[in-house]
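Form predicted alone, single chain, as structure tokens, below.
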């Protein structure tokens, strides 16, 4: 989509930033989009402005703190009525790791309309450009008297291996076949982005990308590698699709080979992590409940 052709007489689109109390991580990445030619917003026909009255697109960073709330609302109200608002980073989107803090009064959409979310902690410069591009599409469509549409799956794919596709600040992937329901990932997730739900025939894991801060602790501590960080940094989306930004998988129950009680079998990855060379006797353990494992172990001589 060509927003602004070099040499054209079109006025550049004004980008106005509002910091609601951030750590400045997202602001540093936004600085890249004005200081580094590869990510410069001018290629999209935009420029940064310090005047709220010149704002065509408002970029909001940080969790909305109680102390900053009134000033943020005043600044946002001073921008033109037809502007597009973009929440940059997980903090304005969901509160991130600060969600339950007494000093935070977010998420941002509780107080003002948000059009585009660009989750991340912080988002990469590429993701920021795509979020701004998304806002430009919304702005153009509204001026034409319509709302933009985007088909599911109509997203830019990450780069090929060896170029830009490396596991850093990207979408989490879940391999249900490797999960043993230990829930260590939920325990170490400071943002509360991971939830488990016990169902009749399975355990369901849901990971909310709008809360994930890309810390990678879930992947680091997962004993079987069921969770992994990918190179897919493209997470920008319409705010109306916020609750669809999830990674989900079902871990099915299976009957215990000893007593028939439903259990989550031990994944092969777990056995290989615990035992260098699992033998047939050890392989039997994966389909036994803790009680039956204990019974099986009685009388076995210790080494």
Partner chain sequence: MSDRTSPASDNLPLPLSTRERGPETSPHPDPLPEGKGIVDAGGGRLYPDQFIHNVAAALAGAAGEQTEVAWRRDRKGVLTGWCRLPSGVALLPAARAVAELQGRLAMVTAYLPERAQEKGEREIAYHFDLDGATLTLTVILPLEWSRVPSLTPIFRNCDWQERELMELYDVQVVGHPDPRRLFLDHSLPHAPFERLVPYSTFTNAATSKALWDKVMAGAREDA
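Residue numbers count along the first chain shown, from 1. Just so it is clear, the model here is predicted, and its values are computed rather than measured.
Another form exists, predicted in complex with its partner chain; not displayed. Remarks below refer to it.
- Though the partner is left out of this view, residue 80 does not reach within 4.5 Å of its partner chain in the predicted bound form, counting heavy atoms only.
- Using a 4.5 Å cutoff between non-hydrogen atoms, residue 174 does not count as a contact of its partner chain in the predicted bound form.
- Contact annotation for residue 181: none of its heavy atoms lies within 4.5 Å of its partner chain in the predicted bound form.
- Using a 4.5 angstroms limit between non-hydrogen atoms, residue 130 is distant from its partner chain in the predicted bound form.
- For its partner chain in the predicted bound form, the listed stretch (200 to 208, 136 to 144, 80 to 88, 111 to 119) containing residues with heavy atoms inside 4.5 Å is 200 to 208.
- Contact residues in stretch 215 to 252 (any heavy atom within 4.5 Å of its partner chain, taken in the predicted bound form) are 243, 244, 246, 248.
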